[in-house]
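Okay, so here's just one chain, in structure tokens, the form predicted on its own.
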Amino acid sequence: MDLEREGGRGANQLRPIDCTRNVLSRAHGSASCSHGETRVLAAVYGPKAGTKKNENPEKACIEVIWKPKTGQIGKSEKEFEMILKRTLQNICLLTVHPNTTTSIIVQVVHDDGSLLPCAIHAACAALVDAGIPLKYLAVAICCCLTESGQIILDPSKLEEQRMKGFVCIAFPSSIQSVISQGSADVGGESVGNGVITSLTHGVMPVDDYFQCVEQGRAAIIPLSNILKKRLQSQPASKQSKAG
């Protein structure tokens, strides 16, 4: 039996997605991303000389600062901050600007579910806008497991709260179509079928987890194309404001 979702969406149907670069004037790079009613702003500052304490000075340091819509940062926000940092460390070419720190500030504007994928896409777009060298983009999706065992994609906040378990998965996607031709410091690493990031909450049997991975992998192909279309290269003069 098919699950009835708000707005009449099918189990694998994503909400409308939008992503816009260069939305803040004082940041080296910035972006706004929305998944349905969920919206996140990201700003990039750097690279700046020097690394944070306990970081490797032979590589670039990535710093992520997560700002909730209201109030102080809590346990779940700290977890998202850590996961986002690890995701960005994975996709950035850290050897290009050693002994530097690039700061990414993520501001939650509204959370109506699938917040972490939205934040990942906003951060990636802001890094592209700042001209930070990347190996590939991270394209993420959230999958939920209902009490009846059905898997749904891109859940709303209400759907997340009703689910038995959910997983956020980020996959690599080629960056070549969203950078200007001839840009320096572009990673030549091939994009495989691996998983960059995987975060689970609640109860999810192993078989269901791998089913989520497969359904998520199928969904990120059109999702990746949508994001790349939104992030088409700007004129070369705007490509790297950090330089």
Partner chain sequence: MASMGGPNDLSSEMELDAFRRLFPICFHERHLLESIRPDGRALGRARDTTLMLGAVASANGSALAKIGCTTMLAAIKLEVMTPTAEAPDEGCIAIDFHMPPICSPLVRPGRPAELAPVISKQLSDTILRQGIISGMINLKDLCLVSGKAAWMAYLDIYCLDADGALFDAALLSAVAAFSHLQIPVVSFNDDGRIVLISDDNSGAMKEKEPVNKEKIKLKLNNLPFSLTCILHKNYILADPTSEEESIMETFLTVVLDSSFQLVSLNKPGGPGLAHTSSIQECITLTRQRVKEVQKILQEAISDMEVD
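Numbering follows the first chain given and starts at 1. Computed from a predicted model, the values in this text were never measured in an experiment.
Unshown form predicted in complex with the partner chain; subsequent notes refer to it.
This chain is displayed without the partner chain, yet in the model of the complex the stretch 68 to 76 from 101 to 109, 126 to 134, 68 to 76, 150 to 158 comes within 4.5 Å of it by heavy atoms. When contacts are judged by a 4.5 Å heavy atom cut-off, Ala218 does not count as touching the partner chain in the model of the complex. Although the partner is absent here, Leu115 sits far enough away that none of its heavy atoms falls within 4.5 Å of the partner chain in the model of the complex.
Contact annotation: Arg26 falls outside 4.5 Å of the partner chain in the model of the complex, judged by heavy atom distances. Mapping the unseen interface onto this chain, Ser198 counts among the residues with a heavy atom inside 4.5 Å of the partner chain in the model of the complex.
Using a 4.5 Å cut-off on any heavy atom, the residues of 194 to 220 that reach the partner chain in the model of the complex are, in sequence order, Gly194, Val195, Ile196, Thr197, Ser198, Leu199, Thr200, His201, Gly202, Val203, Met204, Pro205, Val206, Tyr209, Phe210, Glu214, Arg217.
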